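Listed next as structure tokens is one chain, alone, in the form predicted alone.
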């Protein structure tokens, strides 16, 4: 399952961002941040305690089912009074959730988390980045293994000279991405694909800010 991977900002940064706001309403999310334990019910409760100890008044808290859903405000209707009483909202969700809520309510919103990457759960409590959403995908030529996110150096031609017994020189506990690609292509009888030189990555595959529109039907 793909998730937005987040980590909590330091309490010092949260204090700075909420400076001048004496009354705070806290919102968590029941999906990604609950799974990564950065914005579920226990984390919201812990944040409430921390803010209270810092002299803030927490007017209310809730964990909405899906913060990045446009129906979020329907979930918040029962909290109209504590929301009105708040000087700002502390949002313990990914950046998508923060922006969704910001568009739907006329209150200052403060992100309590930093969004790191889009990742897939690969073990109990372990998430690995699976896609940088770079807009220049080459996994059709690398056996379905993304070298940009699997290789520490993001090499699109490899391996580098530091691979050692199939391990990465930067992290000896990590398999070398290009060894994985080689073995995958070898098993598929497609090693010829690895001999193709890939042009240097376009680090701006899609102009910023990104925008995509489905063409109108003919």
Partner chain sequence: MPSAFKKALDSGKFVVTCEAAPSKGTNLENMKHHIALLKDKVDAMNVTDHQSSVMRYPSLGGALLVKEMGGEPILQMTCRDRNRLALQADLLFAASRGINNVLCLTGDSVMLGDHKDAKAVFDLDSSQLVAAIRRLESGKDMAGNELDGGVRFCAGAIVTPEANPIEPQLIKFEKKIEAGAEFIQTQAVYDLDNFKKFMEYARQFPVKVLAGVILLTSAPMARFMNKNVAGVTVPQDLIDEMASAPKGGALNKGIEIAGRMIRRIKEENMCDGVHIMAIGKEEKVIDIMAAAGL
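Keep in mind that this is a model prediction, so the values were computed, not measured. Positions refer to the first chain, counted from 1. Here, rigid core means the biggest group of C-alpha atoms that superpose within 1.5 Å across both forms.
Although it is not shown, the form predicted in complex with its partner chain is what the next lines describe.
Taking a 4.5 Å heavy atom cutoff to its partner chain in the predicted complex, the contact residue among 156, 47, 68, 64 is 156.
For the residues 41, 160, 57, 35, the 4.5 Å heavy atom test against its partner chain in the predicted complex is passed only by 160.
Taking non-hydrogen atoms only, residue 194 approaches its partner chain to within 4.5 angstroms in the predicted complex. With a 4.5 Å cutoff on heavy atoms, residue 188 does not count as touching its partner chain in the predicted complex; it lies far away.
Proximity of residue 16 to its partner chain in the predicted complex: non-hydrogen atoms within 4.5 Å are absent; the residue sits far from the partner. When its partner chain is considered in the predicted complex, residue 184 lies well away from it, no heavy atom lying within 4.5 Å. After superposition on the rigid core, displacement of the C-alpha of residue 30 between this form and the one not shown stays below 2 Å.
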